[in-house]
Ligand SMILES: NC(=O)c1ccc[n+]([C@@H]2O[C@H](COP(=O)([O-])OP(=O)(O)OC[C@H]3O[C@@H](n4cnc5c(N)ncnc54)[C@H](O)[C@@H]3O)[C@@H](O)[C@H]2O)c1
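Just one chain follows, in the form predicted alone, and it is written as structure tokens.
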């Protein structure tokens, strides 16, 4: 077992990539603090982990709230008395219906003609609250959780932090400038913190998945998924298990010489 006797805290672990990472870590002997903004989903994943024989505890919390994050880490330490791995996975991706349809039309134009004549509705129509909520969950949440984790890891003299970037951090994604900006910020944050703490035995890396078939794509139409798959050299969307395997690699000693890196399971969509 690659994570035997290790303890992880995974944010946004109630569904999608976070849940799959939690299940993968549990199979490798890891105890897990399960964060999600919804208590019922955190509880459900904890039940799944315990069914696998893993030690697990629910940690419901909005990671965009720094005080709530502080309390969450205190509860985690009360439950486990240890923290070896933090996975900053919590996130949202929401596109208004009219913006989504416009983005699909823009994408189809780009694929067929190489250009688009449509306007960038997502950027010019986005409200302040939408922009700030996206950055708060992704970027602020990653910072708040990392800050709390470092207090524990620096005292111990070891630790491993994995941040969730995205293809959007490397190329930008049409229709979601807020998400693209937040994920780009996470990549820059990862590299900065990695330089800062490696001398204290703490490794920080990131994963930048391409289009993965998870609930985050629930708003994306089948047509748009087909267009995305057609533009991906592998000809398909990725799976949550493929991203979880990347997280396991970064969490284990197999990646002992990886520092400040961004691993990108994206099927060749960005090289």
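Numbering follows the first chain given and starts at 1. Just so you know, these numbers come straight off a predicted model, no measurement behind them.
The same protein has a further form, the form predicted together with the ligand, not shown here; the description that follows concerns it.
- Picking from 73-81, 137-145, 193-201, 154-162 the stretch near the ligand in the predicted complex, with a 4.5 Å limit on heavy atoms, gives 137-145.
- For the marked spot (37, 133 and 217), a heavy atom within 4.5 Å of the ligand in the predicted complex is present in each of the three residues.
- With a 4.5 Å cutoff on heavy atoms, residue 56 does not count as touching the ligand in the predicted complex; it lies far away.
- The shortest heavy atom separation between residue 247 and the ligand in the predicted complex exceeds 4.5 Å.
- Put simply, residue 187 is far from the ligand in the predicted complex: not one heavy atom of it is within 4.5 Å.
- The ligand is not shown here, but in the predicted complex it comes within 4.5 Å of a heavy atom of residue 92.
- Looking at 174-193, the residues that come within 4.5 Å of the ligand in the predicted complex, counting any heavy atom, are 179, 183.
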